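Here you get one chain, nothing else, as structure tokens; it is the form predicted on its own.
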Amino acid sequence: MKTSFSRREFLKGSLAASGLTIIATLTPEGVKLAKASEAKGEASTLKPTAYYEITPQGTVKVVVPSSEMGQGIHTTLAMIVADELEADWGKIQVIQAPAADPFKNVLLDSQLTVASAATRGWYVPLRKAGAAGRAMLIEAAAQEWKVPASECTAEKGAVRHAKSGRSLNYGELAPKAARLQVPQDPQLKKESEFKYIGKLMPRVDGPEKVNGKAIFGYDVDLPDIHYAILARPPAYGAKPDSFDEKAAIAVDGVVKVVPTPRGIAVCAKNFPAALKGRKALNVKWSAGSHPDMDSASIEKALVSGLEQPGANAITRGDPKKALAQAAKVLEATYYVPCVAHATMEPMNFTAHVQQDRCDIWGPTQGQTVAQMVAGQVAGLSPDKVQVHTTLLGCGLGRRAAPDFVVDAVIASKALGKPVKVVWTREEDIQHDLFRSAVAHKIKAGLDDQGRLIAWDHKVSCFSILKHMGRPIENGIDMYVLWGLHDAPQSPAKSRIAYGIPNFSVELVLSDLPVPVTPWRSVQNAPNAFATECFMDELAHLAGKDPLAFRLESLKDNPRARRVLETVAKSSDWGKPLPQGRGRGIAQHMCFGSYVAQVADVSVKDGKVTVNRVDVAVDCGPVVNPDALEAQIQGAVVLALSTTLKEEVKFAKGGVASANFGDYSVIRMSEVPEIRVHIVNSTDEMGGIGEPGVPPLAPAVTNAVFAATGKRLRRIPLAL
């Protein structure tokens, strides 16, 4: 699998080729299809979104705009093209797209692999592109045989004419098909006609990952490559008071010391030398902006923020009046601390800045931003920056940020050579951009029938928009409210599913300097922890079964009801369990998908053991059920780790946690049985990478209550 590919190279090769290349441009009016041969003489100005090329040898080269970080997106997007095209799966070759405006996800207006948007963003364009190619190949064969196209069929990389028994493969037909007009509204397949979509397909990235040929960021190697590692401030706002540049340069292999906005880079001929040079640098740092900040003070500040006036995000009905008239009222406060991304592959990036161009290599979820910031730092226009996206050793949202790109470009520009910036695991945790800690205060009311009639919710947390350098309008950062409230046309599609007649959400943003950014599901997970635990508390107050209580408030939301009913049936909800065991249920909607989970938990001697987790998923049409199940399983494991173990510790104005010795994560021996139940659905397609995370923590916490009678309102759980 080729991992880097420029638009110029594609156009140059495709325009000169004798095969068929189908391209598409996403316009305000929809998808416009074309063929590369229509753009002869326009290689410098043509800006198509290139989807695939059929070579005269019959290979189908599918250009994938989204980053592959283990979620199987290269396979899934290739399946969509291959199915509508009727290609031979054995002849599919996936190529990672370059950074260019035409490769922007239409849902995000950026070339980003975030918000579980890759499949749902590219599904329709890719189907249309594949169907157009199939129609052209059939027409080419019909003309060759002088028969009606209606008598010809495409199957597994060939067109056949049943009456005469003739057939031609796609490689033979591609040159002739390339001379035909591209249909703008090709006939798409019916679901019953799918060959790949909805089926279990082998991963295209699997063989190279198994045989060691797969290229991740750490694997990038270039002639005369140098390495850089940064001395970074131990506290937020700290500045270097002094450092020993001569001592660092004296280390064998160290060639330069480069101050940067985020620390001091030690550049060397090899990584061990860079490490030794950083130690010899012996930086003395100032105390920082908040030298007394620690975990306790952060939690106290966020919980105290709940007593401050907040910015109103949404008010529906009259919650205050409804609460005053409610038969029963309940109030509760919840807290979730910061957690780290702790990706399998720590942050890294490679850059080579030259006089008239800049090449960058590495694992990024955000090609558009990486290209932009690299150009700014290098002093070049974005079109002079070529992004070579490698495979990602996990992303979780962290690799959408460009900080590691900036470090690599600064070091390369100063050195005049290709430089790979490498983070150690300690740096990766201590200088992460965390999932925001958050405090919730919820007050809700029930009528005399035990029905939910009012909900008043205040959130206190850090701002994601602030770290991104984006404006915060009217005190509202919508990123941190996902799962509670969302803009009407937002691609995140993450809002509370319950139909509560009187509902309000307020937000208080902290000014503490802790940097936060999206983390798998962004803030849906900590928000769902509060809402779904509180729903359980309300059910108990109403004297109702937690499942039945939820269904009452979901009468106008059939998809949410469906996943709850499915998971309840599959998990034997309501059947008695031995003493010390309990089941907990939770549901959540985000990124357009609906997920419900039931956790079966045992509690003994203060230890929580999760025995089994049943998950029901409704994401609309399913392209790759194998990838879906894997993503849900991974989401459950990750969420369970944050529920039982993970918490970033702060001290002396910075991060105290440093490695897995003091930042605990779940072990394989603690992973429960996970059973995934896919709900057949023809509703609008949603994402799948993130929606499996949010329901887990409340499902486990509610199960602990069922087993022990104890209400826990903070994670990681401690009895």
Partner chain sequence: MIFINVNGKDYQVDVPSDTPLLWVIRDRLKLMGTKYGCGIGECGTCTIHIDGKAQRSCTVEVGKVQGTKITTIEGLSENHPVKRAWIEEQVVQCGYCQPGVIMEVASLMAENPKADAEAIIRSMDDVICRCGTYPRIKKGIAKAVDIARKEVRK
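In this text the structure is predicted, and so the values were computed from the model without any measurement. Numbering follows the first chain given and starts at 1.
Below, we turn to the form predicted together with its partner chain, even though it does not appear here.
Annotated contact segment (heavy atom within 4.5 Å of its partner chain in the predicted complex): 206 to 214, selected among 206 to 214, 327 to 335, 149 to 157, 506 to 514. Note on the partner interface in the predicted complex: the residue among H388, H290, H540, K276 having a heavy atom within 4.5 angstroms of its partner chain is K276. Note on the partner interface in the predicted complex: the residue among M685, A34, V665, I678 having a heavy atom within 4.5 angstroms of its partner chain is V665. Although the partner is absent from the chain shown here, none of E299, D318 and A528 has a heavy atom within 4.5 Å of its partner chain in the predicted complex. Shown alone here, V637 lies within 4.5 Å of its partner chain in the predicted complex, counting heavy atoms only.
Though the partner is left out of this view, A651 does not reach within 4.5 Å of its partner chain in the predicted complex, counting heavy atoms only. Put simply, W423 is close to its partner chain in the predicted complex: some heavy atom of it is within 4.5 Å. Using a 4.5 angstroms threshold between heavy atoms, T260 stays clear of its partner chain in the predicted complex. Taking its partner chain as it sits in the predicted complex, the stretch 610 to 645 comes within 4.5 angstroms of it through a non-hydrogen atom at D626, E629, A630, Q631, Q633, G634, V637, L638, S641.
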